[in-house]
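We begin with a single chain expressed as structure tokens, specifically the form predicted alone.
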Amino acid sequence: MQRIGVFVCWCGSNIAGTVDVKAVAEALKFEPGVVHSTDYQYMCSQAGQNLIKDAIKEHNLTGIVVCSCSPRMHEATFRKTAQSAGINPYMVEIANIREQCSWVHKDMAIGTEKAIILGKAAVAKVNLNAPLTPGESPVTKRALVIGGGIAGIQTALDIADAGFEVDIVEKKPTIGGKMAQLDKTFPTLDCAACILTPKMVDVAQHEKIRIFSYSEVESVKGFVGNFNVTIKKHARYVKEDLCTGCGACVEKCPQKKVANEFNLNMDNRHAIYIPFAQAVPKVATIDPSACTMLKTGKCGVCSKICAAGAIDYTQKDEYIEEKYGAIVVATGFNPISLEKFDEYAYSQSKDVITSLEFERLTNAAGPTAGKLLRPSDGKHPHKIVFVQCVGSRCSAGAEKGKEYCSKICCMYTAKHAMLVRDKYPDTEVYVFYIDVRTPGKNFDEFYRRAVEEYGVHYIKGMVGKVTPEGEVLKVQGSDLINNKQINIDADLVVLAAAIEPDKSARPLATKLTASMDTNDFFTEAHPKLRPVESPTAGVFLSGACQGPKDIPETVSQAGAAAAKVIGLLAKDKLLGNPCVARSNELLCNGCSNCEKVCPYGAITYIDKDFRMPDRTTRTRRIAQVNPAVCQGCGACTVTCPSGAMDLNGFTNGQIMAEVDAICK
């Protein structure tokens, strides 16, 4: 029998306001194994921890039960406290009486009764606990960054500047992401390319960074500190080590009518192309779906014109295997599809465009060389209507868009409106909005400049319908402040489309065994205390893969993720979680059920010889758990039909003891 100490925390009034903490401490005093039970106002404070240490020495305790908040908050704190006083840290159990009692019950009698029951369950478990020792595993001092936008670029640079090797995997032929498609950035109106391209060059020239462009992560195995990653490098049909990026092949390519995805299909490119002038790496790529040579075997102009001999039509996809100690997800975002928003006539008129398409129209490297021209006829628009929240903040249950606010739309619309009025003073600009949200430094001042200095007409209301009539777009909307309907004959309508995670995020999360929310954003381990870590150890989050963000916030989070990675890679060894599965060889029947359900690939099967009572040898197939890979999820224990699989720290006996304590 253990010598258990029970410590009930008030958590100020968080717990004590709805739970009679003294009654809980008094009730648990009589549980089997308990030799000391007390309460204190703030058990996680230094004074509270000293109280626990003193009680361990005075009462010769061998186990600890702390009735407090969620173990996600302070379990590590109390384990360290116990360890410093000579108790194995895995002899500590947390009874969550804050989130599960005081925060969900208003009646003190009910909250107190439930807290006592949870305390009894924790005591019952500690009575069956056994000291556990974590194993050690080496750390591979290399990081993988998935995504080459500004988030991935900044993360990679920060890690590399700390002296660690970094690989960037980017699915497009060049790094740069969405920021490379922008014209100006708010609230300073800096040139996006002027800010971004120097960082792209820094990445390309950094001795610690490798870029795998036009590549994707094929598979991820292993665990924190020791990930084994397979990268699929798509065939460019151009040798990267020979291509000089001169562009001669692009100029001579006869296939000129391929939709240019970098300009959002508003103009055409060649079958062999370099996405934009500042691309990194500055290497041409052949589009196999458009190249005449690859489809029919007839042409070969680019091969003949290339002085460097870089064209290779026989090139195949390449698979590269690397080891990494940490992985950073920076997969970015995309505007949502507007096919369900036909009330705005997006599919009916070329002059109804998205905000990102507007960025390309105003960019000097865009399809119109920076001149604001209508896509339909190339004329200058004199009346532009911007529509906010297209697909954002949709009512609960709406199938068309997203329930969340996309966060950046209000600011970039103000930017667009100001740029139009500054460059084309003869153009009238109207903005229909639900609310104007400007939560950032100098953001509200920026919005007010659009209204007060540039004369942009902001109308609080919704656009109900856009109808193309000849060269005019009939915009029907409502002015809620003046309580009237508005009809505007616009030349151009710009839709501030909601943003969503990149489509690659969901399959990537499956490969990483990382968590996602219902909107396919990656979920952080804790929204306040661990905002750049995923619940999967060794996997970190950077940028808009975790939620809508502007550029400054993205860069800040990229630096935070890099700091976490640096802290991990700086260690030579990592302590593993000892609460891992184990197989009872005598009970295992080799059915493979546990191997099939293990999401981490921690279970394999071996053939082992057993000595029988009659002195003969019998070979049996049994399960074997790799403790370094196992994450202690427990899926194998509930699947095992013979009861051979058990979980250290959460054995079947311990779980049943808790159930018995709750039910009696």
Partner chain sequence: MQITEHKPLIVAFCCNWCSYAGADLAGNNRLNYPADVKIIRVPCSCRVNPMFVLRAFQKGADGVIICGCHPGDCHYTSGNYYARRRMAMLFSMLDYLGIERERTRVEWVSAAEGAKFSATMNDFVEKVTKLGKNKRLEDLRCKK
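Think of the rigid core as the biggest set of C-alphas that the two forms share within 1.5 Å after superposition. Model, not experiment: these values are computed from the prediction. Residue numbers count along the first chain shown, from 1.
We do not show the form predicted in complex with the partner chain, though everything after this point is about it.
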| query | finding |
| --- | --- |
| Heavy atom within 4.5 Å of the partner chain in the model of the complex - residue from 100, 260, 376, 197 | 100 |
| Listed residue (62, 70, 624, 38) with a non-hydrogen atom within 4.5 angstroms of the partner chain in the model of the complex | 70 |
| Residue 301 within 4.5 Å of the partner chain in the model of the complex, heavy atoms | no |
| Residue 631, heavy atom within 4.5 angstroms of the partner chain in the model of the complex | yes |
| Any non-hydrogen atom of residue 570 within 4.5 angstroms of the partner chain in the model of the complex | no |
| Contact of residue 535 with the partner chain in the model of the complex (heavy atom, 4.5 Å) | yes |
| The partner chain in the model of the complex: contacted by all of 11, 17 and 575, heavy atom 4.5 Å | no |
| Answer range among 217 to 225, 150 to 158, 556 to 564, 103 to 111 for contact with the partner chain, defined in the model of the complex as heavy atoms within 4.5 Å | 103 to 111 |
| Neighbours of the partner chain in the model of the complex among 634 to 657 [non-hydrogen atom within 4.5 angstroms] | 634, 635, 637, 638, 639, 646, 647, 650, 651, 652, 655, 656 |
| Is_shifted residue 574 between this form and the one not shown (CA, 2 Å cut-off, rigid core) | no |
| Cα displacement of residue 97 between this form and the one not shown reaching 2 Å, rigid core superposed | yes |
| Residue 129 C-alpha relocation of at least 2 Å between this form and the one not shown, rigid core basis | yes |
